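Read the single chain below, which is given as structure tokens and is the form predicted alone.
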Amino acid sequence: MKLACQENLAPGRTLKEKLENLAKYGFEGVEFWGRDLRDRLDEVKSEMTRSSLKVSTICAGYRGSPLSPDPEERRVAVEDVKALLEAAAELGAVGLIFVPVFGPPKLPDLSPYKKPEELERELLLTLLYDLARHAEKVGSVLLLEPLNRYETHFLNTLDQAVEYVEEVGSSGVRIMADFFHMNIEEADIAESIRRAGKYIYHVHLADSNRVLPGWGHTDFESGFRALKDVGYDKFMAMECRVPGDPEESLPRSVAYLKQFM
């Protein structure tokens, strides 16, 4: 297991300074937000060749909504996702983090024919078959992220994500497990990780209050033990608020987590 941190959490005026600071704090990887990544891809590739860090992942950043009722909005989202999967491959990242929909359903209720959730499931599977083929073709992975019930009505647990991965049956689709969301949705984080283990290709780290690990009450020790049990050897990236001076709090959180690693 290796620690990474989202670029925006690192102090520094330039990308070079941010990468140097993250390496100094004990991180081995960096996660980039996808929104403007394609516009600065050359800069990122150039700086990464001079850094000891690796690109762990790209976090979302696509326009539109994959489960929108608007065909154009869906087209734009799929187009962006495919481009970001290509960028992830270019950067040597594990893949692209993908959230199907935020908030309540956007598709209509066509009861008694089909409820919104049934339409969403069928639409998502159709998109995943296409995106999985593209991910395989470019050498990347689409990482399904379950979110807690307060951020989405759809896809809240690792078990639910596993159903989609197994239905698609492609190495181009895997799961991202987020400790903050798992702390809300999973009855037992460690057991959920063990059940989904072979499909988990990335992990997000945040404590129970969505602050850096070590500032809340999440049981990282048992969760990390479960990750070791399933042979997890990829990145775990900080995605959370940073309290106080990051020059002090980031290395402190790294030290806290490494005692369980």
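When you see a residue number, it is the position in the sequence shown, counting from 1. For clarity, every value in this text was computed on a predicted model and none was experimentally measured.
Below: the form predicted together with a small molecule, not depicted.
Enquirer: Between the small molecule and E28, V94 and Y232, in the predicted complex, does every residue show a non-hydrogen atom at 4.5 Å or closer?
Expert: Looking in the predicted complex, the three residues E28, V94 and Y232 all stay beyond 4.5 Å of the small molecule (heavy atoms).
Enquirer: From the candidate stretches 68-76, 156-164, 122-130, 99-107, select the single one in contact with the small molecule in the predicted complex, where contact means a heavy atom within 4.5 Å.
Expert: Of the options, only 99-107 has residues within 4.5 Å of the partner.
Enquirer: Of the options C59, A196, L37, A226, which one has a non-hydrogen atom that comes within 4.5 Å of the small molecule in the predicted complex?
Expert: The residue in contact is C59.
Enquirer: Quick one: does H181 come within 4.5 Å of the small molecule in the predicted complex, counting heavy atoms only?
Expert: Yes.
Enquirer: Is E151 close enough to touch the small molecule in the predicted complex, meaning at least one heavy atom pair within 4.5 Å?
Expert: E151: yes, in contact with the small molecule in the predicted complex.
Enquirer: Give a yes/no on whether L147 approaches the small molecule to within 4.5 Å in the predicted complex, heavy atoms considered.
Expert: Yes, contact at 4.5 Å.
Enquirer: Are any of the heavy atoms in R210 no more than 4.5 Å from a heavy atom of the small molecule in the predicted complex?
Expert: Looking in the predicted complex, residue contacts with the small molecule include R210, since a heavy atom lies within 4.5 Å.
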